[in-house]
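The chain below stands alone, shown as structure tokens; this is the form predicted alone.
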């Protein structure tokens, strides 16, 4: 039986339904958001996972039967998938490393007070606001020796023996999307790390300077430890995003030449929307999901271990 305090100090019995309604109120308020999340995210995810175990081919009206692990057996012998997986490691590793390195340098520069810093910060964020499809088209034009300037600049600097399109060179083609991706993704690291830098107490730098610490010592003993949690989470997010990010590759090279720029995400796109084999594409996507989940768990465990050491 539920009771509530009366104004004269005597207990007054509250109806049981009133207590139930009060307890359920928070869940009722959040119910629309939860229903939307389940509808928009979890239902498509469950359907996609189920497709991996079924024969879903859009041009085959008799497809749709449950086939178990057949897609995964075929995937284990698919050399194109293994090539795409190796390309994904190269594409993701190079992109994340260069984005982080250049973004950190840019954040350190923008952390110093100078005239027009607000405008510079706005300009730094500009590439992030450009749609990825448009960025891919722009960089394809820049690498084209007929209408773009980059091959002629590389030739003038002695980097290339003749003005040619690196996107058509099997040995260099991957560098085109990587350069475009680095340009497009630097603002994410720059803005995020800049916010973390501005949260560091300036008194620590002043005390370290009084103690005779140089710029490198201050960076290693103050800046880097304070940035470590932000660096871990930003690298985790960018790695997951870039591994799933096939827009630039599809627009710039379409996985060519000779599958030299084909990554797992673009291979999924090829299987689903060119070969119209949604079952096999879902199996590839499920493998990619498992690999990214394992990577994410590893980074989280490593971050927790570093925090416990501190």
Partner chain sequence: MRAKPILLVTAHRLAILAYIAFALFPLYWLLKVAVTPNDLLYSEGIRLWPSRASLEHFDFVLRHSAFPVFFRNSLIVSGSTAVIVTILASLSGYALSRFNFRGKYWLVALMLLTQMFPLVMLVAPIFKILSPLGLTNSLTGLVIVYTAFNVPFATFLMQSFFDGIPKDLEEAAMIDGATQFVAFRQIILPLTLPGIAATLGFVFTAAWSELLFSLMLISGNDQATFPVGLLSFVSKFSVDFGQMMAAGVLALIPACLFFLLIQRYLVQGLTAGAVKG
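Everything numeric in this text was worked out from a predicted model, so none of it was measured. Numbering follows the first chain given and starts at 1.
What comes next is about the form predicted in complex with the partner chain, which does not appear here.
- Although the partner is absent here, residue 299 sits far enough away that none of its heavy atoms falls within 4.5 Å of the partner chain in the predicted bound form.
- In the predicted bound form, the partner chain sits beyond 4.5 Å of every heavy atom of residue 60.
- In the predicted bound form, residue 97 stays away from the partner chain, with no heavy atom inside 4.5 Å.
- None of the heavy atoms of residue 156 is located within 4.5 Å of the partner chain in the predicted bound form.
- This chain is displayed without the partner chain, yet in the predicted bound form the stretch 233-241 from 233-241, 87-95, 203-211, 71-79 comes within 4.5 Å of it by heavy atoms.
- Shown without its partner, this chain lists 142, 222, 166, 160 as candidates; in the predicted bound form, only 142 has a non-hydrogen atom within 4.5 angstroms of the partner chain.
- Taking a 4.5 Å heavy atom cutoff to the partner chain in the predicted bound form, the contacting residues in 122-147 are 122, 123, 124, 125, 126, 127, 128, 129, 130, 131, 132, 133, 134, 137, 138, 139, 141, 142, 145, 146, 147.
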